[in-house]
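Only one chain is included here, represented as structure tokens and corresponding to the form predicted alone.
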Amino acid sequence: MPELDELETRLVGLTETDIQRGLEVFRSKLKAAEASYLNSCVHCGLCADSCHYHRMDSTLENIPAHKLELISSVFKRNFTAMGRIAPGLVGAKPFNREMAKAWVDAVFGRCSLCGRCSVNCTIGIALPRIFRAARAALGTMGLVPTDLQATVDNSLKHGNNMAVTKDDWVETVQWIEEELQTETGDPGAKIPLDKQGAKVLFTVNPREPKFFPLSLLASAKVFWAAREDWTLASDNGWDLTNYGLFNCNDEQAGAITQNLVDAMERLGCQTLVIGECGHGYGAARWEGPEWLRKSYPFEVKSILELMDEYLRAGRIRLDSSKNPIPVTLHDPCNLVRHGGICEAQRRVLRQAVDSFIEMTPNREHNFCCGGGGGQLAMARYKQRRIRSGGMKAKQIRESGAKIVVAPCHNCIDQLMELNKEYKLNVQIKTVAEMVADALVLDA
């Protein structure tokens, strides 16, 4: 018999107390709207065509309505009169080890929380909200996939999700500053650290200093050209990522958000600017105040919005002929469909490149790349992740573009894997990289 992994061991060891605790958390996450959704599905099937998992593998388990049914059957059995009296008549089922395992597979293993199914639902069921409630219940039962939880734990312990030390972070920033001076020809060009009273606190994904320093260099070059008053934090508060959005533990997510709030207060900045990251923007801008139960005393913006403002105000000038290769744009789900940042990146790219080609479909109807919802942090589901990404690969290929711009490092990681798996032969870049390449520098 093969050895059980840690998640499977926890499933086998579930107690009745664990299960009851999970049910309590699940019910606590359901407001009136969510409860009504659990009794509203008309089984029209439109969500199946909407889901990138089902489009690439048409098994029953990949239909969003089927995933919803797994959850609603438990709700009916435990929280409705008919479910208790006549469970067979209403499809009510008990919450036990087998059902908990099915929930893990459905909401962690077959869903990126992208929300495309909800956009196309005939009655507007917000499926991601139900799936998040299920993830929260599983989390309190100890059933978050180990590597996803480890990412959250890193943020809680080290202040960033990749456990980058302060010394390594500062050293990397200083090295990139030297590169900025070389690129701009300005020996006075700076990447400020802990600048008190700076207007902007800029935050990044730890993958930038770790693996993609040229992405941070590009953002710094844009700030330099715009003569922005900005800074990075040397300690907690520079990492924009928040995988508490994906393990759905609001207390942990709130603690990670508090790092950003503390950095803003510590440095006295006016605007928190989130670098190119879909979930990072959504977590900080929309979810953070809910987790912390208070409004921010500062403004939150995406760097995409800021670059758009620079162009409109004439603070930076671009020469699109510097980017002659055809470009297409991937819309990160948390940034666009959930976050509302849709047009800024398009206005910027139309000025930064010679040939901008939209994918079909695009904007809020885009297909998820397959890497969202914490999928990149869950190795057990890698094959499904790559397979589901086939929809995005198809979109990229049909666009005919040779550069794919993705304003999200999670998406970039996934797209790089898809590029290799599906032999797309494209370059993957951020919006800031395209802008930095097109900058008209003052003599």
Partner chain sequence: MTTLHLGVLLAIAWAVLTMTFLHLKAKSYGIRKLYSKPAGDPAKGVVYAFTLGMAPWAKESVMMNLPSYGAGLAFHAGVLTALGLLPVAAFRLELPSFVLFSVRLFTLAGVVGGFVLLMKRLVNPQLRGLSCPDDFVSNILGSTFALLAFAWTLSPVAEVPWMAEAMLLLIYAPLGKIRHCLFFFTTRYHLGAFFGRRGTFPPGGRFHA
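Please read these numbers as outputs of a predicted model, since none were measured by experiment. Residue numbers count along the first chain shown, from 1.
Omitted from view is the form predicted in complex with the partner chain, to which the following refers.
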**Asked** Does the partner chain get within 4.5 angstroms of any non-hydrogen atom of Ala35 in the model of the complex?
**Response** yes
**Prompt:** Is there a heavy atom of Phe367 no more than 4.5 Å from a heavy atom of the partner chain in the model of the complex?
**Reply:** yes
**Prompt:** Does the partner chain come within 4.5 Å of any heavy atom of Ser321 in the model of the complex?
**Reply:** no
**Contact of Gly88 with the partner chain in the model of the complex (heavy atom, 4.5 Å)** = yes
**Prompt:** In terms of non-hydrogen atoms within 4.5 angstroms, which of the given stretches 220 to 228, 185 to 193, 278 to 286, 309 to 317 touches the partner chain in the model of the complex?
**Reply:** 278 to 286
**Message:** Can you work out which of Asn236, Thr140, Thr146, Ser118 has a heavy atom no more than 4.5 Å from the partner chain in the model of the complex?
**Reply:** Ser118
**Request:** Name the residue from Lys199, Arg363, Arg266, Lys166 that puts a heavy atom within 4.5 Å of the partner chain in the model of the complex.
**Result:** Arg363
**Asked** What residues in 51 to 67 sit within 4.5 Å of the partner chain in the model of the complex, counting heavy atoms only?
**Response** His54, Arg55, Ser58, Thr59, Leu60, Ile63, Ala65, His66
